[in-house]
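Heads up, the chain below is alone and in the form predicted alone; it's given as structure tokens.
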């Protein structure tokens, strides 16, 4: 079990072995520093927060490739954060330069895009929705209890990650880690329901 006295390198080693709690401890220890760097580069709180999540998600995936001889964990995380922030900067510039061709506002005042609403439900759609609901329930049942709780509170309870942290008395970093890991585990079993989606 990781604790706050574990060295950063020990936490990364535990992450490489699949220890989700180690990621939570590392997140709690370094998220503020990573956020500061991302915010400095991006200048927007939302983008900086996304860059922080992407940084720790990449650290989780690549923990086995961390090499202590090339620098401290803090340097490794800062390098990842800088790359993710710069990627976001480039993407933001591209979006600003690209026209929104083919997007026609709806004329009914709903704020949607014309032609984007699905037709009224029919028996086939109802059957597909029922099958989707069964598949989601089955996939959720396979998640570890702590990850399932976070997903249910977020998607069925409508709580933000900060609200989940307050309700469960967990660090925000742990909530974010559990949510990200759960969504990754749900991706494959629910992939068929994303195919052909707009």
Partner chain sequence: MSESSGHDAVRDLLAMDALDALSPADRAALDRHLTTCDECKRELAALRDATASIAAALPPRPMAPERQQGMRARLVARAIEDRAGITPIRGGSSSPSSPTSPPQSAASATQSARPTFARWLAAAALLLAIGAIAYDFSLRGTIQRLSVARAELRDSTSALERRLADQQAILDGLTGPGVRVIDASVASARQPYARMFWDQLTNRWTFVAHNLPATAPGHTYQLWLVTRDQKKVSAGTFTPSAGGFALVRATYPLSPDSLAAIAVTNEPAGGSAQPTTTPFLVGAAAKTD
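In this text, rigid core is short for the largest set of C-alphas that superpose within 1.5 Å between two forms. The shown structure was predicted, so the numbers you read here are calculated from the model rather than taken from an experiment. Residue numbers count along the first chain shown, from 1.
This next part talks about the form predicted together with its partner chain, which is not shown.
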Q: Tell me whether 46, 78 and 139, taken together, all sit within 4.5 Å of its partner chain in the model of the complex, counting heavy atoms only.
A: yes
Q) Does any heavy atom of residue 168 come within 4.5 Å of a heavy atom of its partner chain in the model of the complex? A) no
Q.
I'd like to know if residue 25 sits close to its partner chain in the model of the complex, meaning any non-hydrogen atom pair within 4.5 angstroms.
A. yes
Q.
Test of understanding: in the model of the complex, would residue 131 fall inside 4.5 Å of its partner chain by heavy atoms?
A. yes
Q: Tell me, yes or no, whether residue 92 is in contact with its partner chain in the model of the complex, where a contact means a heavy atom of each within 4.5 Å.
A: no
Q.
Under the 4.5 Å heavy atom criterion, name the residues of 36-53 that approach its partner chain in the model of the complex, in sequence order.
A. 36, 37, 39, 40, 46, 49, 52, 53
Q: Please check if residue 14 moves between the shown form and the other one, taking a CA shift of 2 Å or more relative to the superposed core as movement.
A: no
**Q.** Sense of the change in Cα distance from residue 156 to residue 46 in the model of the complex - at least 3 Å versus the shown form
**A.** closer
Q: Looking in the model of the complex, decide if the C-alpha atoms of residue 171 and residue 68 are closer or farther than in the form shown; they differ by 3 Å or more.
A: farther
